[in-house]
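Taken one at a time, structure 1 and structure 2 that follow are two forms of one protein chain, written as structure tokens.
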Structure 1
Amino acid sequence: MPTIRHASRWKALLLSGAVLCLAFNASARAANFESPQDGVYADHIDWGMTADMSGPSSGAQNPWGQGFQDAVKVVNEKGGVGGRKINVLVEDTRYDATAERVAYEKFVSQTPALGTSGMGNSSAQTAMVPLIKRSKLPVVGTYTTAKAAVEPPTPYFYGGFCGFKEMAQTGVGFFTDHLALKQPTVALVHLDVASGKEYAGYMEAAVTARGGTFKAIPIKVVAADATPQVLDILAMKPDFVAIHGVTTTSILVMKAMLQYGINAPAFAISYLGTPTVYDGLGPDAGKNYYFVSCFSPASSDLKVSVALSAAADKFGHSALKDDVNYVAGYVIGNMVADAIGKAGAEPTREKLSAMLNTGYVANTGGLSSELKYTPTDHFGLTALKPLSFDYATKSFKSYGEYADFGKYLQ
């Protein structure tokens, strides 16, 4: 008959075995967990990605998509998330709002995904807010962020790019101070789309807050000539110019400004701070061209871009590592993988959204300003800094750190 001491040890062993058994069973359940309606399977997770890969903004959105997929490839090579690989379902929406909606609805039920990223059409986002609320498929890390989707915050929508208000305030503040202007005169060339009109409103507010004069000059996304817009600029004689558009917009405007002898500096939205734009401009037009960004091109900070550069080199995208759009996609790809992991061993759309709605901070490794979501703020990124390109060294130059420009944000 066992002694009391032996009985106690026996009970302890039984208890320990029971705990291990429960832990094993929980682990087995997690490993075998599937929720096909959420795009979650035992060995992989389906995740949607939409981008303009063949339309008017493909020059900027294609690099974003490459960066996103390269980041996911690295995660998958390391075993995925909780043993599940991330399978990216890519849809080319050609910068078309209808195609964006069709792709989203496809990810909801036809080929269900746990979530989706990209959605780089502000007009589509504005129109789709009711659908996103109703369908409850999380949109995590967008290529652009429409005001209607985050003010007030939509429970299943989480931005992933620099904000238009912050771009306007940072650019206007920096150039007004840099040029020692008291009442700046500013012209904006912008696309005649929802985000362009929204940006025009923010620009006007930032300029008039400094007692300045402002004029918004619209341009079509498919424009092949910016002469009419530049003639308006010439008549206005602005202290500096702002540009909202696609890759060709910056090239057309800056080259026409050079042709008409307009020597005013110009700053573009983040999407247009790319090697492709600077190559298209050349040093004569490009010397006056700046952009404001919440993402850092690799050459502007070599210390923080080691992992990104390695991924770009490995997957044949070395030429994109200095493209802020590629950097943005890479950051969002890593953020998505991290967010899935933090949704738990049995991820669902509901659990993912609940985690993000409670509050989330991404580790971007210094490649961007802080990316975070709170219960009342789904924008993601706020701080930006001005950058330009040095043709002599073929590298990007930052004018300070992100924290230096918080004084301009209101």
Structure 2
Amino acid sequence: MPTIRHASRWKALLLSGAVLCLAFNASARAANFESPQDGVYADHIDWGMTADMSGPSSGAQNPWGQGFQDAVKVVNEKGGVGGRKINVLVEDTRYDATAERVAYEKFVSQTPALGTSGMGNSSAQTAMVPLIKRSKLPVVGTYTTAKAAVEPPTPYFYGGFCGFKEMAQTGVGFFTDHLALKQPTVALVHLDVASGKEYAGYMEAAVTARGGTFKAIPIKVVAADATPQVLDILAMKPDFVAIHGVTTTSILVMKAMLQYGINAPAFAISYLGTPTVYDGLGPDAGKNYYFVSCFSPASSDLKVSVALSAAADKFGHSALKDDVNYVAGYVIGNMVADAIGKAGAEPTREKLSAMLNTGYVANTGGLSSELKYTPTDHFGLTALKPLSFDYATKSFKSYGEYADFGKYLQ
């Protein structure tokens, strides 16, 4: 996850305190009522969803949560799964690890759910691995996937977003070939946080594997300006640039590159391929801005996005359908419904996780690359493709099919 919290610590405490209070209130109310096995009732199934809906990374995670809920609403309108409606229990965890844990524990027993999705906080995931193994409430389709949560795989954790390693490999491979380079010179601007350093490692490996030259240039999350970073880029004269960060990072870096006349293309991590960034950049700075993604914005492939567009329009999220984060949530929402259906007429947590663990392929209708779990791989999505935005037609444009870029992955 590229976003990190930077609200001051005591604010975080206050907020998590508030979340705790709310959680306790809600659980106190729910605890004494009928509590059937694993959140499966006669007419509905409770399913958990946690996301940062209003905190520091809500700009990306809120669309994800909307996409997830819209997908489930469509499923419910069509009669639900095996005659049961899916009831999504949303917890706004505000990118707070404590809140994430509290929400998970709540779904385990206080308001039992069949499974939970989202959990877009990799440090929380890492810390919660033992809890998840012990509680056996399956986490299905996460917004980000911590290495520790899937290596080695546990039957109770399944990722749901493209990985940093694959982003780096796809981006470097594509631009090296696209620009017909022998040994690429690549600059990476990345946040100086854990995920940024991890990404820098993957980028360096991908570039050096092709005998290229690599430089990682850190930037702060809260930056007002990217002049120092871009002067570094200017000095290096890279063939192309990579960006890891938040919305602001992309905008500052691309605008400053334009200012200093650097014409090299840049590709960003999946999370940053949003209309907000392209809007903020405008055509001059935005024409060189690409991203790699395992999810397709609606306008990049109108054939496969018909249902997604209809759902987005119907639930008042038309503006979000070109946001890969919304698409990702939508895809995962559908996958969850499908997986529940495949877990048998009377699904339980055990049946669901056993089904996923033995091998599962989701039908994402082309909105993403292949989404599948095997007993040895719970990451889910691997292939990505490069995309950019065409300001003239106001639509996203992809540079091939997902399968075309599998060759770059090792």
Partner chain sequence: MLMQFLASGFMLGSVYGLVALGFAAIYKATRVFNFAQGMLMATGAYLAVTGSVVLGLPLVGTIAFVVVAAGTLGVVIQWLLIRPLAGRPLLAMVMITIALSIILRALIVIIFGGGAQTLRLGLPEGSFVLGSVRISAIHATAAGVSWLCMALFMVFFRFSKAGLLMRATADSHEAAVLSGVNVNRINATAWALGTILAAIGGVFLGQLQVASVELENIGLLALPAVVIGGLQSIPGAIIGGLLVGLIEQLSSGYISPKARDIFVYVPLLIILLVRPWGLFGERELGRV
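Here the rigid core means the biggest group of C-alpha atoms that line up within 1.5 Å when the two forms are laid on top of each other. None of these values were measured; they are calculated from a predicted model. Numbering for residues begins at 1 and runs along the sequence of structure 1.
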Structure holding the form predicted in complex with its partner chain is number 2
Against the rigid core, is the Cα displacement of Pro265 between structure 1 and structure 2 at least 2 Å?
yes
Do you see a C-alpha shift of 2 Å or more at Val327 between structure 1 and structure 2, with the core held fixed?
no
Please report the angle, in degrees, through which the smaller rigid segment swings against the bigger one between structure 1 and structure 2.
12
Shift of the Cα of Gln183 between structure 1 and structure 2 with the rigid core overlaid, in Å, rounds to 3.6
State the core-superposed CA shift for Ile219 between structure 1 and structure 2, in Å to one decimal.
4.6
